[in-house]
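Single chain ahead, by itself, as structure tokens, in the form predicted alone.
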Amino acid sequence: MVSTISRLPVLILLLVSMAAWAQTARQWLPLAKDGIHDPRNPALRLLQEPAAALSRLPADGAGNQVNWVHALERGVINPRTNILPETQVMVIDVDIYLNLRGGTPIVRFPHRAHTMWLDCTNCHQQLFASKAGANKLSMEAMLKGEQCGVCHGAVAFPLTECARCHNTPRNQPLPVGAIRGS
């Protein structure tokens, strides 16, 4: 049996390697090298570099490497929910359970995380009807940038992070009073 003391150097090396990986994972390309912005444009210097803005936010291992929900919940960011000052913002703390008949884990859609950030009109009625069960959701449509794919894969975590949405085991009962979607 290997003693804990003889495993210590391996554990230290593993921890150092993980810390180094975490640091390199949180690197963003400068705007002049991102393939989107024109490096010859003199106005480019007026924009904030992604590393300067994003490195201060809670880390995530996917997408743009920022956990936006944690940033919002911790008050690190305070985004504007709408452009019209008269809009009444409603934070809705209800989960809707979707994909009830599929083979993958059930999708728990957290309205709170979305409505803390977005006004309801961003999604309803254009992308989704405001009635449980009225929407035919499709991964194909999402992957084409429709439905949830309007944001996820663009500004929110990518659709390749399946377990973020398909997050509720089928072998457990849904919470009492759960709203069942499609």
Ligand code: HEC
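Residues carry their position along the shown sequence, with the first being 1. Here the structure is a predicted model, which means the values were calculated and not measured.
Omitted here: the form predicted in complex with ligand HEC. The next part is about that form.
The closest heavy atom approach of Asn135 to ligand HEC in the predicted bound form falls within 4.5 Å. Shown alone here, His114 lies within 4.5 Å of ligand HEC in the predicted bound form, counting heavy atoms only. Although the partner is absent from this view, Ile96 contacts ligand HEC in the predicted bound form, with a non-hydrogen atom inside 4.5 angstroms.
In the predicted bound form, ligand HEC lies farther than 4.5 Å from every heavy atom of Trp28.
Within 4.5 Å of ligand HEC in the predicted bound form, a heavy atom is found for every one of Leu47, Val150 and Cys162.
Comment: ligand HEC is not present in this chain, but in the predicted bound form one of Ala51, Ala32, Leu57, Val69 has a heavy atom within 4.5 Å of it, namely Val69. Along 100-121, residues Gly102, Gly103, Thr104, Val107, Arg108, Phe109, Pro110, His111, Ala113, His114, Thr115, Trp117, Leu118, Asp119, Cys120 each place a heavy atom within 4.5 Å of ligand HEC in the predicted bound form.
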